[in-house]
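In structure tokens, one chain follows: the form predicted on its own.
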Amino acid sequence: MTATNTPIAWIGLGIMGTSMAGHLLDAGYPLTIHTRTRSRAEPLLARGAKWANSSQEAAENCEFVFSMVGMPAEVEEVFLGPLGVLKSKSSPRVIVNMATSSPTLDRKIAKIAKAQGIGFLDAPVSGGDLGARNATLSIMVGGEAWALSEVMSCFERMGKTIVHHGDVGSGQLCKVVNQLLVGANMVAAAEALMLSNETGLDSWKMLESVGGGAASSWTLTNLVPRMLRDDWDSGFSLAYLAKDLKIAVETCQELGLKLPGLALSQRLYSRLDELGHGAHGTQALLKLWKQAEASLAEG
């Protein structure tokens, strides 16, 4: 363990945030944590983290503040709300949004932070629950280079691929591209398994063949086996992918860009979320395919 005296705050302890914060705690950082449901914090508190009753309280006397929450409205609340990070009396040096949100929102937060002399980074991640647990995430960063250099040692505790894409918002734009690929790959994977089943192929053998060739992908390696085991638990929830794909579609609309593959995956996932399946993992698209198709046909 490498000890450090730099105090850090972490806000949001979902499936991924808990592991990510845990890596910083393991590295020896004095860690203050806050999340909506305190019971989720208990394992980290037992390991030495300190509890805060709000995002504002968590940020007090901390050099860096990281947030990993679910929805854009939560991101705004964490940073700009009445008990938000930017209401703290002692300003942190750098604040970091690691959730997927709109580039416009992150630019808004960055502008307010800069007026207070605080650096801001948008740093969404890819790699799912496995990447978070194994500290192998891909971290896509937007913001000023000096702010990135301040927190780089923290990022290195959470991920293996850390890329600076440019100004604030560029990390989120890269994540938009990432989620387009995730959505399209999941649609392709579900269709591939349906075709495999209809032809009478052994789907495990099929996966062995195509997974080692040109069709190989993270989805095939990590999520198709879950599909074949009827494992629909959430490593990354269907509701969150529906949200991310909506942001991707809105970004394309702003650019005047029409991408039919993105549009299809966004409609499928948004409709399944509306039908109450948001807590499933994204791989549940296969299980729910017929319901999604029927619903879209009706709508």
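Here the rigid core means the biggest group of C-alpha atoms that line up within 1.5 Å when the two forms are laid on top of each other. These numbers come from a predicted model, not from an experiment. Throughout, we count residues from 1 along the sequence that is shown.
Omitted here: the form predicted together with a further copy of the same chain. The next part is about that form.
S.K.: If you check in the model of the complex, is residue 255 within 4.5 Å of a further copy of the same chain, heavy atoms only?
M.R.: Yes, residue 255 sits close enough to a further copy of the same chain in the model of the complex that at least one of its heavy atoms falls within 4.5 Å.
S.K.: Is residue 251 close enough to touch a further copy of the same chain in the model of the complex, meaning at least one heavy atom pair within 4.5 Å?
M.R.: So residue 251 counts as contacting a further copy of the same chain.
S.K.: Heavy atom to heavy atom, is residue 45 within 4.5 Å of a further copy of the same chain in the model of the complex?
M.R.: No, residue 45 sits far enough from a further copy of the same chain in the model of the complex that none of its heavy atoms falls within 4.5 Å.
S.K.: Would residue 262 count as touching a further copy of the same chain in the model of the complex under a 4.5 Å heavy atom rule?
M.R.: Yes, contact at 4.5 Å.
S.K.: Go through 149, 161, 134, 104 and name the one with a heavy atom inside 4.5 Å of a further copy of the same chain in the model of the complex.
M.R.: Exactly one residue meets the criterion: 161.
S.K.: Consider the chain as shown here, without its partner, and state which of 80, 228, 118, 220 has a heavy atom within 4.5 Å of a further copy of the same chain in the model of the complex.
M.R.: The residue from 80, 228, 118, 220 that makes the contact is 220.
S.K.: Taking 53, 69 and 145 together, does each of them reach a further copy of the same chain in the model of the complex with some heavy atom inside 4.5 Å?
M.R.: No residue of the spot touches a further copy of the same chain in the model of the complex.
S.K.: Based on heavy atom distances of 4.5 Å or less, which listed stretch (94-102, 81-89, 149-157, 180-188) is in contact with a further copy of the same chain in the model of the complex?
M.R.: The contacting stretch is 180-188.
S.K.: What are the residues of 180-211, in order along the chain, with a heavy atom within 4.5 Å of a further copy of the same chain in the model of the complex?
M.R.: Counting only heavy atoms within 4.5 Å of a further copy of the same chain in the model of the complex, the contacting residues of 180-211 are 180, 181, 182, 184, 185, 188, 189, 191, 192, 194, 195, 196, 198, 199, 201, 205, 206, 208, 209, 210.
S.K.: Please determine whether the C-alpha atom of residue 167 is displaced by 2 Å or more between the shown form and the other one following superposition on the rigid core.
M.R.: Stays below the 2 Å threshold, so no.
S.K.: Residue 82: with the rigid core matched between the shown form and the other one, does its Cα shift 2 Å or more?
M.R.: Residue 82 C-alpha, core-superposed: shift of less than 2 Å.
S.K.: Using the core for the fit, does the CA position of residue 201 change by 2 Å or more between the shown form and the other one?
M.R.: Yes; residue 201 is a residue whose C-alpha shifts (by 2 Å or more) between the shown form and the other one when the cores are overlaid.
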